[in-house]
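Take a look at this single chain, the form predicted on its own, given in structure tokens.
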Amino acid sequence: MNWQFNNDAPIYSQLIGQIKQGIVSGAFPAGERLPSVRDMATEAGVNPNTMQRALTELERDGLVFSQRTAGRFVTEDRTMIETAKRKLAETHIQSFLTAMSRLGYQKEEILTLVRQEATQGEE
């Protein structure tokens, strides 16, 4: 996984977001065993306690579960994964709409621009 961090939010919350994105995109498939906390922390370049905190939060959300001796796994509940995917999409859309309105665009203008960009991408 390609870990990227910025100074806008705590590292653990950025880890949560990036792991969640990995789950909904299929980089961490449903039912798959996750690497150990230590391995993930090393790969991300963060303290293992920080990674542990992020994974504990994902367990609370139900996207990850623990099996005592086998480690952590991605949930097999595809409805839960789809719900998380939808929530992430809604968050991105709201951020986009806020940024566009700050630029002075109205909703119809935004929709027109999005349609034009989507059409150009097909060509």
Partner chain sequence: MDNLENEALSTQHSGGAVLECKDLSKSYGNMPALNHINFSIEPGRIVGLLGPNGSGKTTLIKLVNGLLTPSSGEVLVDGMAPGKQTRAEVSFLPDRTCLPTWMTATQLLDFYQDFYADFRRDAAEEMLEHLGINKKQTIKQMSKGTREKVQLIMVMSRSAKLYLLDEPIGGVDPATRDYILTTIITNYNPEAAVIISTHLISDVEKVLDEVIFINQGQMVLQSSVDQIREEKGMSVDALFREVFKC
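Residue numbers count along the first chain shown, from 1. None of the values given here were measured: they were computed from a predicted structure.
The protein also exists as the form predicted in complex with its partner chain; that form is not presented, and the subsequent description refers to it.
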| query | finding |
| --- | --- |
| 4.5 angstroms heavy atom contact with its partner chain in the model of the complex for residue 11 | yes |
| Distance check, residue 94 to its partner chain in the model of the complex, heavy atom within 4.5 Å | no |
| is_contact(residue 53, its partner chain) in the model of the complex, heavy atom dist at most 4.5 Å | yes |
| Partner proximity in the model of the complex: residue 38 to its partner chain, non-hydrogen atom cutoff 4.5 Å | yes |
| Its partner chain in the model of the complex: contacting segment from 78-86, 94-102, 24-32, 41-49, heavy atom within 4.5 Å | 41-49 |
